[in-house]
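Okay, here we've got a single chain as structure tokens, the form predicted on its own, with questions on binding and movement later.
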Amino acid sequence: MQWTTIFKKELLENWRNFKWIWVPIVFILFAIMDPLTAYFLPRILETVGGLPEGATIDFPMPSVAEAMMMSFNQLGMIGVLITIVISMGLVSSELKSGVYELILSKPVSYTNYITAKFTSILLLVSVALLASILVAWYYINILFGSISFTQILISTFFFIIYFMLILGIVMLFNTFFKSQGMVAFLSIVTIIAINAITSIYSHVLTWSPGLISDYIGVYFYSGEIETETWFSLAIAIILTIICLMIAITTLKNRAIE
């Protein structure tokens, strides 16, 4: 009951802040932007004109897998930034305003407090990801060719796990700092560091969560899921749990202080 109450409170607050409306819309816009641009850009340039007489425009048309990965890559960059922005004040804002002390002055479990907030924002991001990828898949099917709906669902699930780790990292820094700006900055730096290290040592860190997007691309091109993908997902889940456990412990230590 306690966990459910906090969870419903967070859902209601996200609705009052219109996050359930604007977050999916923004995700959808960025998911379809690159594929639509790649398809219509040659026609736009031909219509606008201004090219020398006899000049031709020859842009290679992306394959259906390439078009789909355009959407995933955009969400992997802009979507991550939006996710950090909407979650950077989950706990830090309440620490700063004093609401945190008011809530936990009652017999509220630290675990319930952290996990309910985490689950509410994860649900919002998951819905936004699913909606945006499905819309992108619809347009890509029309413009570039068909791709399996099963592949879309499985790939979306993989991507949600990656975003779950992002939220775990943000939640961790939420309990350390009262400044939302500091939470966002350190979260971004951590994510960049993970991706940079993974990129440099990708031949060694084959189980890194930073490779999940790459494995999704392989899945689109080959239709087969690499074995390392499952290990990357497992590592992402484990790291998320560790982040949440540290966040809970940090809040307990704050209460003792």
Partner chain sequence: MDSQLIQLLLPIIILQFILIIIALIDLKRVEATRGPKWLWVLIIILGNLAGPIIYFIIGRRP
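Not measured: the values here are computed from a predicted model. Positions refer to the first chain, counted from 1.
Beyond the structure shown, there is the form predicted together with the partner chain, which is absent from this document and is the topic of what follows.
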| property | result |
| --- | --- |
| Distance check, Y39 to the partner chain in the predicted bound form, heavy atom within 4.5 Å | yes |
| Any non-hydrogen atom of H203 within 4.5 angstroms of the partner chain in the predicted bound form | no |
| Close approach of Y139 to the partner chain in the predicted bound form, 4.5 Å, heavy atom | yes |
| Touches the partner chain in the predicted bound form: M70 (any heavy atom, 4.5 Å) | no |
| Candidate stretches 186-194, 61-69, 27-35, 221-229 - the one whose heavy atoms come within 4.5 Å of the partner chain in the predicted bound form | 27-35 |
| Contacting member of I154, M77, L143, L134, with respect to the partner chain in the predicted bound form [4.5 Å, heavy atom] | L143 |
| Non-hydrogen atom within 4.5 Å of the partner chain in the predicted bound form for each of L90, I246 and K252 | no |
| Neighbours of the partner chain in the predicted bound form among 2-27 [non-hydrogen atom within 4.5 angstroms] | R16, N17, F18, I21, W22, I25, V26 |
